[in-house]
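Next up: just one chain, as structure tokens, the form predicted on its own.
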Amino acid sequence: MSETMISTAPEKRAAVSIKDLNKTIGKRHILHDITFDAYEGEVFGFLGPNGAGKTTTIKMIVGLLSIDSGEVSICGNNVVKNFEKAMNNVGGIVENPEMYKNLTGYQNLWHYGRMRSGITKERIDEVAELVGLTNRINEKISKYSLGMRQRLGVAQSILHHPKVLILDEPTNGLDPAGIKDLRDILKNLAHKEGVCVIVSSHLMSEMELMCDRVGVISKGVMLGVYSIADLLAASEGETEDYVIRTNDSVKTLSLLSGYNASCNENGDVELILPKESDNAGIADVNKMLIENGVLLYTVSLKPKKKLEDVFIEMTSNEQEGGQIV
């Protein structure tokens, strides 16, 4: 990734603020000075390889693991000093949503709602509609698919109007339709309801479609926070790479001696032009080749790096594969 890439953030108030978070378990230093903010009204992706420290960080945010050093604040409340106030603003699913399978979806929500003040039947109906479960809410959980249980887990998590929703690998096991449905629900919660949604994943393709910004973690170290636009710009680069197929690649390469050109393993000529030259640059090349008697068969753009490639470049390690040591 280009060193000139500038990470950006929306002009919004931080709902979750993490500063210099550290965690050691046994002899392993799991997290190293993790620092980032997640804002109201955005879907923030917490992105990293399996074992990079995502779940450990999330468990510390919600109080399931103690904090060795550093600070976590939720809506201005320090998690250590004001735990109850902080957690009143949080809904979440860490690893898997747990339900009473012998009860209906509605009964599960009602049972959970009894532990919170002010949860009414109207609110249960509202969240059931929000996650698309109105038609199935009175069926037993034992009849629910994995996608339906994920929807109910989200409904349960937002029942008390939390300002922060935290989901750990929420799309695991879902089919493409289920992933899209969940993505739409989360984006709606963030962009229309103003909730700060934090979603962890190891899949860049998921993050690209779901998130406004992503924080990238590898081996317990925060590599940076980037908008999706930043990452797309990094994947696109500043040049266009063309593959030129002609009747005479030797003559073609000779005519392009003043350009950044070379022959590939297929005998075709590959040409790199600055992106700012746009179509004019390749048009001039085509004209020159034709005027010099070269038969021009095809000119095609080489595929750009995918966002997954950018992510792999950021987190890869030849010996450890981005895992915690």
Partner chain sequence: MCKFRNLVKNEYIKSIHRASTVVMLILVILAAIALPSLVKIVDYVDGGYSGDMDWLIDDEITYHEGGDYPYDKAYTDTLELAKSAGAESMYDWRTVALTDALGESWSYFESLVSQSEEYMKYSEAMSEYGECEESDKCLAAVNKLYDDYYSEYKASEEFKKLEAAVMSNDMKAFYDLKLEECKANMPSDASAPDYEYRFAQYELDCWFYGYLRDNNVYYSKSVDPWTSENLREYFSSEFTDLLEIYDIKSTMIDYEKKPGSLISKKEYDSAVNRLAYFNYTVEHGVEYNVADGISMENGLDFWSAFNFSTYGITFIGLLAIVVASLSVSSEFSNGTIKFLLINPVKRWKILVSKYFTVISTGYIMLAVMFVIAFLTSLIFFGGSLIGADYIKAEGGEIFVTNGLVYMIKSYLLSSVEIVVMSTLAFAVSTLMKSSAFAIGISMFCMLAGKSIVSMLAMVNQDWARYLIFANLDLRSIANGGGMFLYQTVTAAIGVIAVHMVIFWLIAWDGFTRREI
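Since the structure is predicted, the reported quantities are computational estimates derived from the model, not experimental observations. Numbering follows the first chain given and starts at 1.
Below, we turn to the form predicted together with the partner chain, even though it does not appear here.
| Okay, which stretch from 186-194, 211-219, 245-253, 105-113 lines the partner chain in the model of the complex, with non-hydrogen atoms inside 4.5 Å? | Answer to the contact question: 105-113.
| task | Heavy atom within 4.5 Å of the partner chain in the model of the complex: which of K180, K121, K101, H161 fits that? Just give me the one. | result | By the 4.5 Å heavy-atom cutoff, the listed residue in contact is K101.
| the partner chain: the contacting residue among S73, N88, S227, T171 in the model of the complex [heavy atom, 4.5 Å] | Exactly one residue meets the criterion: N88.
| request: Find out whether any non-hydrogen atom of E95 is located within 4.5 angstroms of the partner chain in the model of the complex, and reply yes or no. | output: Close contact exists here: in the model of the complex, E95 approaches the partner chain to within 4.5 Å, heavy atoms only.
| message | Just checking whether A261 would be counted as a contact of the partner chain in the model of the complex - the rule being heavy atoms within 4.5 angstroms. | response | It does not: once the partner chain is placed as it appears in the model of the complex, A261 has no heavy atom within 4.5 Å of it.
| request: Could you confirm whether L65 comes within 4.5 Å of the partner chain in the model of the complex, counting heavy atoms only? | output: It does: once the partner chain is placed as it appears in the model of the complex, L65 has a heavy atom within 4.5 Å of it.
| request: May I ask you to state whether S200 is within 4.5 Å of the partner chain in the model of the complex, using heavy atom distances? | output: It does not: once the partner chain is placed as it appears in the model of the complex, S200 has no heavy atom within 4.5 Å of it.
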